[in-house]
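Single chain ahead, written as structure tokens, the form predicted on its own.
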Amino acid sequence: MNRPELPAARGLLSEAVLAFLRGELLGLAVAEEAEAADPWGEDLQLALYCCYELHYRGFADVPDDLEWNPDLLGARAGMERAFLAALRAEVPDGDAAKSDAAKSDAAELADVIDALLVEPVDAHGVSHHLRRDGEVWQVREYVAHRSLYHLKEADPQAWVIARLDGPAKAALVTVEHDEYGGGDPARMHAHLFAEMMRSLDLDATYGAYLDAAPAPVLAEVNLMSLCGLHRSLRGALVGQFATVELTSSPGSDRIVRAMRRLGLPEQAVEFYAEHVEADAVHEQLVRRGVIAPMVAAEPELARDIVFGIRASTLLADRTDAMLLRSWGSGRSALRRPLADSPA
């Protein structure tokens, strides 16, 4: 199994975390650095991502037993508090988020899910841009950004399986089974994504673009890991998962159209073509098979699911805005541009 190299630091906080992982520090006391860091910034998001990566494949030359090191867990907890506080400040999950203060959490959840299923007529996200006006270098950049999640696709959500019961667990496992190729390694979504990367002349090595990925991209993956590793946030993780499964089919279809318009190899198209069909089915499974019985059994989780949906949407919108802003200025959105990207 490939284990990525440690990335370069982006500030005092990530520098300390990386030095500890390299064995250059005997202890890790970064409470002040975590408190002072921008919760949306490059430094905190990279440091947090590196802490979480120890629960996935880890890093080359970093001992596996550091996964549960008390110093690292303490540092991670401080960063998580800062990140979660910033998310909750941007995504109210109380009555202030409701148009009708008397509405129940379950009714609000139903409204939020219904809203996910209707695309705004004036939508102008990255997939819309790629379909209409995107260039090959922008498609390649987009795929490089997305590799931080898709090469571990469905792994963060797998943590929630043990935290569910009954019909909700059965339905979520059904969706995850599809994500992992239905038993066929060649159909695993992470494998299909890697094949797409190779067909676009990108490095499909796990973690290859970590140094190039900016903070908004890291934050999207960090939200999944944060919610997956905390039982108290299981509802939020289901909300994040629901957001992806309920909204990805139209966007995937637009990317398929963009790739075909640009004459890209059919092997590049396969990953997103698979998601057009699969996620249309998953939408019903997640909504009716996972969320409905979950809220019926634990009504108090409805508000957490709403928070997960809104937080996921917020972070996706921040990434879209970053990409479109960079591309609109004729420059790369990657910290380390690809060979065919503008400098």
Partner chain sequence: MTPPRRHGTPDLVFTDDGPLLVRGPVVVELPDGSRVRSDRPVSALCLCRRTRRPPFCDTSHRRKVREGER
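The structure displayed is predicted, hence computed values, not measured ones. Numbering follows the first chain given and starts at 1.
There is another form of the same protein, the form predicted together with its partner chain; it is not shown, and what comes next is about it.
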For this session: Counting non-hydrogen atoms within 4.5 angstroms of its partner chain in the predicted bound form, say which of G74, P250, G166, P265 makes the cut.
Result: P250
Problem set entry | One residue of M224, V256, L233, A190 in contact with its partner chain, assessed in the predicted bound form (non-hydrogen atom, 4.5 angstroms) | V256
Problem set entry | Heavy atom contact within 4.5 Å of its partner chain in the predicted bound form, the stretch among 286-294, 38-46, 60-68, 24-32 | 286-294
For this session: Answer with yes or no whether V160 is in contact with its partner chain in the predicted bound form, where contact means some heavy atom within 4.5 Å.
Result: no
Exercise. Is D178 one of the residues lying within 4.5 Å of its partner chain in the predicted bound form, judged by heavy atom distances?
Worked result: yes
For this session: Tell me, yes or no, whether L116 is in contact with its partner chain in the predicted bound form, where a contact means a heavy atom of each within 4.5 Å.
Result: yes
Exercise. Does L87 reach its partner chain in the predicted bound form if we count a contact as any heavy atom within 4.5 Å?
Worked result: no
Problem set entry | Complete contact of P120, L246 and V281 with its partner chain in the predicted bound form (any heavy atom, 4.5 Å) | yes
